[in-house]
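Let's start with one chain on its own, the form predicted on its own, as structure tokens.
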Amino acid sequence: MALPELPTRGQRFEDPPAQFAQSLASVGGRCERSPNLAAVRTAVAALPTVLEASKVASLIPEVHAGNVPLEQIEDPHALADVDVAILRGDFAVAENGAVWVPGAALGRRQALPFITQHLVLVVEPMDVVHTLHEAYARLRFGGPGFGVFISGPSKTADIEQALVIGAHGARSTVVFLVG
């Protein structure tokens, strides 16, 4: 039996990238606008988390070369001491500050966004959609697949009713909107 068609109406934002930045900030992340990858490279190099990092894993060599040989990593446990991970997101969602990171882009390193101490994501502002309805419409899997929406750093508030940042994953998230 076919599922009924549901309207995908939703909230529309005058400036989706600005709304994305506001939504991301509300969940503990930070968004920065950059004109190009060269500017992102400069901004990433100046991040305190990168300056203090001993291990940087980057899947965007144009932004940061990294010093973790990701192509040689077979066992995700080898990523346990990564300080900063730099990844590309396919698109972002204005209503909740989430970035879609497809598992195919991570290859054997699917633990990376969850195991790193600090996360840097790069997305183009033209790839910021208004709502999760629009985001789900963009998802494509040619077969079994994996991907994740990441919205800000890891957090929980169920421990004695106190908000804990970095409880189960990255302690900080910076998203660069490039272009």
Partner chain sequence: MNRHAARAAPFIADEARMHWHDKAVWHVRSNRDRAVASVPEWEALREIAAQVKAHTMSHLADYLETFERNALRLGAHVHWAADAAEHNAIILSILEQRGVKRLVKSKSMLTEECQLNHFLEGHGIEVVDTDLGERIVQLAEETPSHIVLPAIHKKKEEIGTLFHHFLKTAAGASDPKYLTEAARGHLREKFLAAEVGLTGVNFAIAETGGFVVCTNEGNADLGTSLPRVHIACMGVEKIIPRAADLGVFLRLLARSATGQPITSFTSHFHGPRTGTELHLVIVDNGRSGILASEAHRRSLSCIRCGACMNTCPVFRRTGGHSYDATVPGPIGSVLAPARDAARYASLPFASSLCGSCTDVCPVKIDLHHQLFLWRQELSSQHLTPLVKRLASRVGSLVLQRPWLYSALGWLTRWFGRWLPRALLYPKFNAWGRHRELPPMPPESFRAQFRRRRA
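A quick note: this is a predicted structure, and the numbers were derived from the prediction, not measured. Positions refer to the first chain, counted from 1.
There is another form of the same protein, the form predicted in complex with the partner chain; it is not shown, and what comes next is about it.
Contact with the partner chain in the model of the complex, defined as a heavy atom within 4.5 Å, is made by none of 14, 49 and 61.
At the 4.5 Å threshold, heavy atoms of residue 164 reach the partner chain in the model of the complex. Remark: residue 95 counts among the residues lining the partner chain in the model of the complex, judged by a heavy atom distance of 4.5 Å or less.
Heavy atoms of residue 153 reach within 4.5 Å of the partner chain in the model of the complex, making it an interface residue.
The closest heavy atom approach of residue 66 to the partner chain in the model of the complex falls outside 4.5 Å.
Comment: the partner chain is not present in this chain, but in the model of the complex one of 37, 56, 132, 43 has a heavy atom within 4.5 Å of it, namely 132. Contact residues in stretch 122 to 146 (any heavy atom within 4.5 Å of the partner chain, taken in the model of the complex) are 131, 132, 133, 136, 141, 142, 143, 144, 145, 146.
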